[in-house]
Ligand code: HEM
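One chain is shown next in structure tokens, namely the form predicted alone.
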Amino acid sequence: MSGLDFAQAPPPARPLRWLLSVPAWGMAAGACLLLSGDTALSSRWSPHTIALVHLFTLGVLGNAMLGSLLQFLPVAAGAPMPLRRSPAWLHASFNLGLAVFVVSMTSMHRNGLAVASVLLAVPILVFAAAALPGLLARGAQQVLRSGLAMAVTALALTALAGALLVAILRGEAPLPLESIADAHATIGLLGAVVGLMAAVASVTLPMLQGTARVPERWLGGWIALTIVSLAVGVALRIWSGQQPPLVVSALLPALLFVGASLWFPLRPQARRNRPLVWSWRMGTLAVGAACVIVLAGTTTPLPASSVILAGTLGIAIGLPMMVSGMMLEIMGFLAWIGLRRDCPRGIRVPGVGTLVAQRDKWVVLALHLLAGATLAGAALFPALLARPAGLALLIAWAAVLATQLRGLARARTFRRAHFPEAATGT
């Protein structure tokens, strides 16, 4: 935990509200698939498929990103977040916006989509406006900060592109829908999600998985490559109308991320957190498989089932599995920080690893692997496996929520036993 300034950590309740929303939306995605069946896996452009995709990208990944950033920026990057009470209404607006979006998209209610785009974009843009000045200021860890700044900027651009897509759907902007949709998805997934994971992993892989440190020049080179690839790929996609240039330019940094994510944990300096290692490894393999399928599509047109399979592997299985494993580690830190702040002198608080038990993490991983296998099968045989996959997904994310709450309960039990007069902050 060297290099982390826990004195700068925000009150645990601020990131917790975001992180506890992650499994709730994962369960919602499972329920959506359980109710919709193969309708949600029929086509990339199906309203039900789009709604399901955003349950993962905004509900699961979006809440995880924003909650983690609230904790990570001041503690690990030394970048202040000048938000006090704002995270409460930002969280409420973001998640209400997602709920409105899902309902409006499945019913194609155009006014509802307009409301949802505002509710979603405003908190993201406010968050970016609060985070970027600290990240762009001169100081230590410039490479790490530049990676985080890229991710936050990409998140803001994704929100603006999403609002533009809603305007196109409403007939208010005569622009190419498919080109902007591809740019929106690529900037969001590569620039924001993978960009943030790469920057955060440069700190957390050595700390939590016992790997060697990621050389700063490697991370800096990858960040520069990603920015150039996104800029060139998006410009060519919109200017030429052709999809392959964007795909090829985005796949290079994506595959490099996959390779590094697999390579560093293979030769650890100290073996620790095995459930996290395996959730990260299996999630990375799923993302890599998605990249290979997409790459194959640049030479030969892919059938609709292969397109759905690639999206499922990357968006519904791989990235959420990596995020869920990391999130359970963050939950342990949040509970530990809350105890440290409330603990009177002379009382030793439980270690981070005891608050979220290893056994619970293994159960979560096993359930996610089962749900992932069923989801991959559902992408190929939607009529047969879509609803079983939805049920497996719902159970897997319910296990994540139960594990989170169990960790917080352990901290609460210790607090009540040793210093009951303390305010319950976690």
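Model, not experiment: these values are computed from the prediction. Just count from 1 along the sequence shown to find any residue number.
Heads up, the form predicted together with ligand HEM isn't pictured, but that's what we're talking about next.
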property: Residue among Ala121, Ala76, Leu90, Leu144 with a heavy atom within 4.5 Å of ligand HEM in the model of the complex; result: Ala121
property: Sole residue of Leu208, Leu165, Leu328, Ala310 within 4.5 Å of ligand HEM in the model of the complex, by heavy atom; result: Leu165
property: Among 294 to 302, 234 to 242, 269 to 277, 174 to 182, the region lying within 4.5 Å of ligand HEM in the model of the complex by heavy atom distance; result: 174 to 182
property: 4.5 angstroms heavy atom contact with ligand HEM in the model of the complex for Phe101; result: yes
property: Ligand HEM contact in the model of the complex: Ala31, any heavy atom under 4.5 Å; result: no
property: Close approach of Ile395 to ligand HEM in the model of the complex, 4.5 Å, heavy atom; result: no
property: Interface membership of Ser68, ligand HEM in the model of the complex, 4.5 Å heavy atom rule; result: no
property: Those residues of 257 to 296 which, in the model of the complex, come within 4.5 Å of ligand HEM by heavy atom; result: none
